[in-house]
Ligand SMILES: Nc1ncnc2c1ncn2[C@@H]1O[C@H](COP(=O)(O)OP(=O)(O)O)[C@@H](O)[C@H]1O
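One chain follows as structure tokens, the form predicted on its own.
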């Protein structure tokens, strides 16, 4: 994004509050105009005193008092306008900073899994916090400084040329030189600042990685290595930052030099014009005041340009994330699905993460309400991709998926996902209390309903052993619990949601054999009457499934009940033989199944 594109978008975020923005803009017009009256009045006072010879003292005092009275009113008006602008500009900036954070947060949570897979969470957090802080600063500066500076230039230059075109041309020259220097510096330093922001992002990513893997760092004695690598990133950051700082230091020196030269030039030219009778002493004083005022405004402008330049890459990152489109969108006329009966149909579904490399090819099957279907096959065969399509983590390139006859792309995302409960292979838990984690899918659940779900998942006993029971915080990603405990909480969470369609992605993979048997019994009761999909590598967990779909290279190559597939002696039988030995296939039973 270009400098002006970023600035325009920053101001565009204030559109919902355009009324107060226009009010503040009007107040800034007053603030920008009032200061010009001071050197003008000062010059008039000087001319009144210079021309006092031969006049009655009372007349001189009368004229001076009028001028001084107007001057006092101008000062009071400026103070009041400044107070009002500062008060309302601060409130506006604070409100919109939090609104920008909320909108960013909401938008990021809607983006596709593919986006989050390739974007580090530490980087996203840095972009949100840093970007919203920069927006806040720019909004404040716009109403306190920038707008007044822009108006000053618009008002001052024509006024100066009208009062004395010769002295006015010097001020125009100051503007031209200043703008040329600014453009020169921006063009030289822009590419370097992009590299600086890239190093800042890597710093955030590495820090986030380290903090999320403290146990790994300590157990593998990685402390010194991680600190050293972070130091390397910091050195690259400084190496990229210093050239940018050098350019802006040069620009500051040149701008101050230009200002000094302009003031001296006004004095010299004014003196020459005065000796020729083409400028009064008051006009010289007036233009000295104009020059001082203009120099102050231009220094504000230089500060603003410098600050926005250093922040531009971070703000551009903020907008680039907001510009990212979700991989799955909801139709404007999407249908609200009530509680589904549970009929699920895949019709010739083909899906690819990357063009030309299909992950699924012509998948077709139908599942009746209450039926339990297991998906098996080697890693990468397409099992998780199939069920990811069911709750629209992605959309297929061709074919369609229906629930109770409705194409899921015609349904609202909320109503679709409300009807599906998921237990992932890696249990996802918040750094919150156990109760808050259980109520994720059903915030209005009562304590009794929550405890019933926990008992069904064999989780109530270990929960009650926690220091505060259900109100115990469980650490980041549930780190204070064992793997089996985290998985049982995930199962209890799905039970509490009470969905008509249930997806179990290796739901018992983290459990020991004793707990697994207990949870399997609980799941048998929970899945009764629900359409259930089970992804399993441990084939002992799917013997009782109504149907098994065998995946290979993105296709369903076999399907049927467990015993029929064993009897067919195909791919599924080979998988069982590999996992449990030839005896399991020969008896159509697995060891320990009786």
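In this text the structure is predicted, and so the values were computed from the model without any measurement. Residue numbers count along the first chain shown, from 1.
Just so you know, the form predicted in complex with this ligand exists too; it's not on screen, but the next bit is about it.
- In terms of contact with this ligand in the predicted bound form, the residue from 124, 74, 359, 92 that brings a heavy atom within 4.5 Å is 359.
- Though this ligand is absent from this view, in the predicted bound form it lies within 4.5 Å of a heavy atom of just one residue from 382, 478, 270, 421, which is 382.
- In the predicted bound form, this ligand lies farther than 4.5 Å from every heavy atom of residue 242.
- For the chain shown alone, residue 430 is not a contact residue for this ligand in the predicted bound form, no non-hydrogen atom being within 4.5 angstroms.
- In the predicted bound form, at least one heavy atom of residue 353 sits within 4.5 Å of this ligand.
- Residue contact check for residue 378: one or more of its heavy atoms lie within 4.5 Å of this ligand in the predicted bound form.
- Heavy atoms within 4.5 Å of this ligand in the predicted bound form map, among the stretches 456-464, 383-391, 480-488, 286-294, onto 383-391 alone.
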